[in-house]
Each structure stands twice: as C-alpha cells, then as structure tokens.
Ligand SMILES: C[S@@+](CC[C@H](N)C(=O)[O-])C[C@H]1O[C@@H](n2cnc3c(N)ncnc32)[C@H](O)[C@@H]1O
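This document opens with one chain alone, in structure tokens, the form predicted alone.
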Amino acid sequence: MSRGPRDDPYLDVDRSGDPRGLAKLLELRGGQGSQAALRRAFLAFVGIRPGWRVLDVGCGTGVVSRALAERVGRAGRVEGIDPSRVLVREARRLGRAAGLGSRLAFRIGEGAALPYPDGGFDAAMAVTVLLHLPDGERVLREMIRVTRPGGRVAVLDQDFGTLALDHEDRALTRRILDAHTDRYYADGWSGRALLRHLRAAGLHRVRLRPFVVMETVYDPYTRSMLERRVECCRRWRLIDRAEGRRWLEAVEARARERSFFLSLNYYGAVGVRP
C-alpha cells in the first residue's frame, strides 16, 4: 500500500509546525456542504446502526466521530483514536460542545497498534486516513482484529488521480496536481485500490462505491487546498514563483466569474469480518 516517505504534515501533526492550523483545516473541510453529504452517504452505505459500538481510526478533530455518534444514538458508543494530542484535545472539546459526551470518547494512539481487545467493536472505520499512511496494511489488520466476527470494517479515501479542475492552462495544471499527488501522500491513488486491499486482508462480502465531491464555490478550504499544492511544487522546484502566481490568479478569475469548478472522486469500501 505504501509508495515511500512523503512530505505530509498529517503523518505527525503535533510536530508539523502548525498543528492548530491543520485542526482548523479539518473542520473547514468538514463544514463544507459537499462533505456533509459525503458523510451521510458513506455511513448509510456502511450500514451503521443504532446501538452499535464503532471505532473511528485516525479521527482527527472528530468530524466523522460526531456524525457516527448521532447515528448510533444514545444506546451506542463511538471511540475515536488519533496519534495527535492537539487533534484529540480539539475532538474532545467539539464533542462536548455538540452535547455528545455521553456516547463519544477520544484517546491518543496509533492505528497500527490499537489499544483495544479483539472483537470489541461492531464496526471499525478509517475515513481519509489510509492514503497518508506508509503502514496502511497494518492499520487495516488492526481494524479487523478489534471488530467482532460478523462486524463491518470500512474505509473511505480520496483518489487524487481523479482531481479535476477547470483551468485554462492544462499543462501547468497537470504538472501541479500530478506532482502533488505523487510526492505528498503515501499513496495518492489509494481510493482505487481499496477493493483489492480489503479482499487481500481476508474480509468477506466486500463492496465498493464511488462518491463524487464537486465544488463550484471557491471557499476558504478549497482555496487553501490549491494554495498548498502551489506551495509544495515551488518548494520542490517544479514551478517557479511566477507560474504559481499566474495559476492561482486564473483560478481566482474563474471564481469571480462564478465559473469555478473542481471535483474529486472518493471511494468507500466495506467488508465483513469472518
């Protein structure tokens, strides 16, 4: 699953230099209407039920954990785990603010060595996590271990090879987006490989579904997403300052004309532990 080391701050948020900024970005993305629709559709696809105990691996600030807590209801329980102290602290704060403290808990820990006994959860999931990890297979095995026989193991990942942006300079757009996909993530094409990985891990009745997220508003999160790609490509010396400025100015022009368009495929996969 891994394609080697990458320049990805989400691998060690607390040492990234701006962990609070990364927490803010996670909440900005989570607040997008397209992302809320994606969460609802994915959790319905997985079939999370009231009363279940669910594990959210790589929970970040708890965006998905909070949605899960609403879905499992008062009789259910959601555990979120993440290696970042900053993100877990923020997840706890936001969970309390949402009034979900009685059914939602967070702890610091690694997905590759989950601190839970075998078979303790009805479902385990990792949402936009595996593409960041060089040890994704180990994390998936751990998720299976802590899920009861007959329980569900589910993953959702972007596939940045499908990122489409309407831009007048196609060659420069390909250079920026493809380089970021290949260099930044452990596997920027993770989404398309999920079916293969879940079957190889021994899960039964594996199902796969695509989810297309489309943005036609150049909101703060989308702007930061594209600006980060330009910043990385400049740091890697793949583009110069003038090229990056020109590329972003063309995006801003489309936004002013109300003709901005970006889309990205997510893929969700779910299987049953035998």
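Just so we're clear, the structure is a prediction, and the values are computed from it rather than from any experiment. Residue numbers run from 1 along the displayed sequence.
FYI, the form predicted in complex with the ligand isn't displayed, but the following is about it.
- Contact with the ligand in the predicted complex holds for none of 159, 191 and 211, as no heavy atom of theirs lies within 4.5 Å.
- Among residues of the shown chain, residue 95 is not one whose heavy atoms approach the ligand to within 4.5 Å in the predicted complex.
- Put simply, residue 58 is close to the ligand in the predicted complex: some heavy atom of it is within 4.5 Å.
- Proximity of residue 167 to the ligand in the predicted complex: non-hydrogen atoms within 4.5 Å are absent; the residue sits far from the partner.
- Contact between residue 26 and the ligand in the predicted complex is found at the 4.5 Å heavy atom cutoff.
- Figure note: of the listed segments 84-92, 198-206, 99-107, 144-152, the one touching the ligand in the predicted complex, with heavy atoms no more than 4.5 Å away, is 84-92.
- For the options 72, 129, 177, 186, the residue carrying a heavy atom within 4.5 angstroms of the ligand in the predicted complex is 129.
- Though the ligand is absent from this view, in the predicted complex it lies within 4.5 Å of a heavy atom of just one residue from 123, 140, 78, 133, which is 133.
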